[in-house]
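Shown next as structure tokens: one chain only, the form predicted on its own.
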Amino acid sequence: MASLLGVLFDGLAYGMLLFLVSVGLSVTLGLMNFVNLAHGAFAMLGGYVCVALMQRWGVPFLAALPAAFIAAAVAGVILERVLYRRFYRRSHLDQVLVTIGLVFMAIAVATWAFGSQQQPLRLPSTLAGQWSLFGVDLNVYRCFLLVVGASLAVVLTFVLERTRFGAAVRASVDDARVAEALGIRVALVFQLTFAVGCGLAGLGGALGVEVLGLDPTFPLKYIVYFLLVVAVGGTGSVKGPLFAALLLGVADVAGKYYLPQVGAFILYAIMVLLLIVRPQGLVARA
């Protein structure tokens, strides 16, 4: 029983981390209908900003997290104005080609700037160690990830469903011309939405260094996981990717623990079954 609870806890924590990194892609893909395969590059940027601030300037981990968000958001704003805006009305194939090209450019830049090795990250003492609960050892940092992910899900759901900005985003996506006629600055709304999506990727990347690792191949290594979360959960919502990430996280950890010889087959099998049953995703946007 203790082993089962431990696997469940690790799976939920891993799934929450996948949600933290992937939710920004759900925002840009679901709300803006833009296929941004360079999403992992923004996550990698956040991770490197966090590591550099801590290693070179002694910035505390918790203080480096907002910097990772801001750095990725600023990079998103710049690319949105210079490049991405030109592809909003282009085909998804064009969007895929340009963003996957950005991925390889980001890998080259990261290799040149930081080398090809894994980047170490030293957590503060408050987030290190384990707690023992009912005979189960709970990693403190994974508990922290669960709290941060749950809090972020609540905030994003409230912003997208209960605020004027969320209504403006949905209106801009549904009919940009009508939204502009009603006084909504569609270009600014898209820019802010894209910045938030990229910033969330950067934050997730910084939080994921300890669990996922960080090297220049990060955007390619985990792009399938990000797409799985969005595809299974459904685009344009927060709840869908959250449920999908937790489910896939538990399935991945349990499969590797109990059936290591099968590898990732269980994860992809669950994905296929879910997409057959719910092709629109677990929680589809109305």
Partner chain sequence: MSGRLWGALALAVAVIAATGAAAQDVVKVGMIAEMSGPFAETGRQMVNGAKAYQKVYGESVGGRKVELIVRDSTGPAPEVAKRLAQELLVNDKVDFLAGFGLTPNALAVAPLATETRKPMIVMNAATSVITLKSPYIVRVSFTLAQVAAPLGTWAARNGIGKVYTLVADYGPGIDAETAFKKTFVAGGGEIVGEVRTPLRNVEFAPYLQRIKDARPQAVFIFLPVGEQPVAFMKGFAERELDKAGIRVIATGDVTEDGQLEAMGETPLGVVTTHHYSAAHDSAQNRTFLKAFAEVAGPDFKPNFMAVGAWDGMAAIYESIRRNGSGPIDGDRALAALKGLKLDSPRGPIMIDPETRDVVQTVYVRRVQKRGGRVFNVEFEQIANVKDPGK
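Everything numeric here is computed off the predicted structure, so don't read it as measured data. Positions refer to the first chain, counted from 1.
This protein has a second form, the form predicted together with its partner chain, left out of what is shown; the following refers to that one.
- Not displayed here, its partner chain is approached by Asn139 to within 4.5 Å at the level of heavy atoms in the model of the complex.
- For the chain shown alone, Gly166 is not a contact residue for its partner chain in the model of the complex, no non-hydrogen atom being within 4.5 angstroms.
- Its partner chain is not shown here, and in the model of the complex it never comes within 4.5 Å of any heavy atom of Thr193.
- Within 4.5 Å of any heavy atom of its partner chain in the model of the complex lies no heavy atom of Thr126.
- Look at 170 to 178, 155 to 163, 114 to 122, 70 to 78: in the model of the complex, residues with non-hydrogen atoms within 4.5 angstroms of its partner chain sit in 114 to 122.
- Contacts to its partner chain in the model of the complex (heavy atom within 4.5 Å) from stretch 198 to 233: Glu210, Val211, Leu212, Gly213, Asp215, Thr217, Lys221, Tyr222, Tyr225.
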